[in-house]
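Take a look at this single chain in structure tokens; it is the form predicted on its own.
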Amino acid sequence: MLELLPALLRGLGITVQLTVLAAVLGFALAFISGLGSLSKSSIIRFVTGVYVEIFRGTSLLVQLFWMFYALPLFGIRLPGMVVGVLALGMNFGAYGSEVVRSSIIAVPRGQIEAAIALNMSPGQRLWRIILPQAWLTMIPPLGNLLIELLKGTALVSLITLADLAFQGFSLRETTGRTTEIYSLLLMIYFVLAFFITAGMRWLERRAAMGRS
């Protein structure tokens, strides 16, 4: 069984790279769109709402296929890695947007009123009062979304990226050792998800200590 590992691990780098890059993009979009949904500008709220509803309301697989196969018809050709990062990151950001929005709304109104009484500007209220309190609420659901993002990377094998899942499919075709290969894949994905969970729990403890 262990002799199958080197071939599978060749795709591990692609999976980790996709997860990290898409997570960075997704976190940025989640915060931007989450704050945008609370904007006083109706235009910003409309644009944010369109983005969130499109990427939450359509399949990630269809989004990948559309970017990889349909965009070239409009003269836009993107490498498979770029398509994977964009689709996964934008999908993650759309779901994360609601986490950010709801966490900000959950901050007690009295805290905001106290900041106003201290003559803080809107930016100061956001960075010094609202986000530090909302961040602790955001961490667990964002951690769950990050694990979903990791699992979603397996779909990029369908747009020719040689990730972990792709290597597993290829190895099964050449060796026929289905049970062993997929058991190894399950274990590798589990270990990756375990490290993500541990990391997010560490962040949660740090955030809680900062509030104590």
Partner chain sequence: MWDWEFAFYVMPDILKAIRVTIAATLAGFALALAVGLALALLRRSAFKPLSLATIGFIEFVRSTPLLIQLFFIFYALPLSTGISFSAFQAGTIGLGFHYGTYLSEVYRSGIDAIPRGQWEAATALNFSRLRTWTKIILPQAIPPTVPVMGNYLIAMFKETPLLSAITLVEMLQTAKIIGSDCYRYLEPFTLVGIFFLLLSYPASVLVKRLEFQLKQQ
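Because the structure is predicted, anything quoted here is derived from the model rather than measured. Numbering follows the first chain given and starts at 1.
Unshown form predicted together with the partner chain; subsequent notes refer to it.
Note on the partner interface in the predicted complex: the residue among L158, I32, L38, V47 having a heavy atom within 4.5 angstroms of the partner chain is L158.
Just one of L146, L171, L185, A162 comes within 4.5 Å of the partner chain in the predicted complex, counting any heavy atom, and that one is L185.
For a residue to qualify, one of its non-hydrogen atoms must sit within 4.5 Å of the partner chain in the predicted complex; none of L9, F27 and E204 qualifies. Contact annotation for T175: none of its heavy atoms lies within 4.5 Å of the partner chain in the predicted complex.
Although the partner is absent here, L73 lies within 4.5 Å of the partner chain in the predicted complex, judged by heavy atoms.
Of the heavy atoms in Y95, some are within 4.5 Å of the partner chain in the predicted complex. In the predicted complex, none of the heavy atoms of S42 sits within 4.5 Å of a heavy atom of the partner chain.
Of the residues in 53-85, those that come within 4.5 Å of the partner chain in the predicted complex through at least one heavy atom are, in sequence order, E53, I54, R56, G57, T58, S59, L61, V62, F65, W66, Y69, A70, L73, F74.
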